[in-house]
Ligand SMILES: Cc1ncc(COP(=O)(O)O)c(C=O)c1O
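One chain comes next, on its own, written as structure tokens: the form predicted alone.
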């Protein structure tokens, strides 16, 4: 099919609410490594990786071969039957996750993983109130949208009983209009006030992303999680760490984002980069917490622990270890960050650069003093970078943040190429602001 035929069928047979990037959408045809090609043969440097999902590159030969082998053996089983890939993946995740996390329940997405985590926290604590963060994103189910802290993504009634939203550590747009570190991380301290004034004082959990993904790669100050989690534990809750976007070395130096902040989660969720594009989510916790669910009722997952997805995840983790370990990500990510900061010095459109590893956000503003979001500039940057063969993402409550997150296998050369395209795009767009 050609481009026009695909777009025509998209419009006729898929919901119009599907969000498509670019004024002229790009139907992709195939990929290899860090590049993708559209149906017209145009080649793009992929610096968004299917929303931080293509961990070890498109069409990675090790992943493809392992999937082919498993498809020829067994495609589906459900969680009613043990299978080798399922248990081996659970064992591997127990080895690379922090603290006492050991036992897993697999599903098919980050939404399901977060739903499972909240159910588990409520069963373990006997409480039902959850503290979530403003600007957070937890998925697209009713519960996940209730946890969400962004109005544009909340469709229909989402007032789930028991969910309270605390301030997030958005230093660039501090809701208290304070400055770090003189603020003494007041946003974290305020969680206690939220619990004492808006809940029964007995909570089930605190759910937070180490770096808020859809929120615009909002990165907390060093002390934030230590303060926040200590408060949560004091009021009887558990910490659910949502690593759907930050997991598997994405932030550099460590396997998981929370390890930057000296905190051990009680429950952790993951998806996206876990299997290089195959649908898989996981909720991992300690044996003590998982055991509490046994007497509460029955639970299964038809597609959880799928042998093909688990095989893909095992080989993806192997490939990360061999080709793109967290130290590699830290090095290449450092080069990307340094280049983006140089662009900040050159272009007043850039208000803030933040993130870790290969998860870097660039917030655009029309005025650095007022911090007015420059949404139109994002649209123009997208068109300029697309025209020069670079794909990036966007996000943030105001839709004014560029999200830059290539496959972990990106090299210094890929980063330099992307920075050159971004430089050209900003030079072109800055003239109109």
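Residue numbers count along the first chain shown, from 1. Keep in mind it's a predicted model, so treat the numbers as computed, not measured.
One more form of this protein exists, namely the form predicted together with the ligand; it is left out here, but the text below deals with it.
> Among the candidate stretches 155 to 163, 254 to 262, 118 to 126, 105 to 113, which one is within 4.5 Å of the ligand in the model of the complex when only heavy atoms are counted?
Heavy atoms within 4.5 Å of the ligand in the model of the complex occur in 105 to 113.
> Does the 4.5 Å heavy atom contact test between residue 137 and the ligand in the model of the complex come out positive?
Residue-level check for residue 137: yes, a contact with the ligand.
> Consider residue 309 of the chain shown here, and say whether it contacts the ligand in the model of the complex, taking contact as heavy atoms within 4.5 Å.
No, no contact at 4.5 Å.
> Heavy atom to heavy atom, is residue 245 within 4.5 Å of the ligand in the model of the complex?
Yes.
> Can you tell me whether residue 209 touches the ligand? I mean in the model of the complex, with a 4.5 angstroms heavy atom cut-off.
Heavy-atom contact with the ligand at 4.5 Å: present for residue 209.
> Of the options 228, 214, 240, 349, which one has a non-hydrogen atom that comes within 4.5 Å of the ligand in the model of the complex?
If I apply the 4.5 Å criterion carefully, the residue I get is 214.
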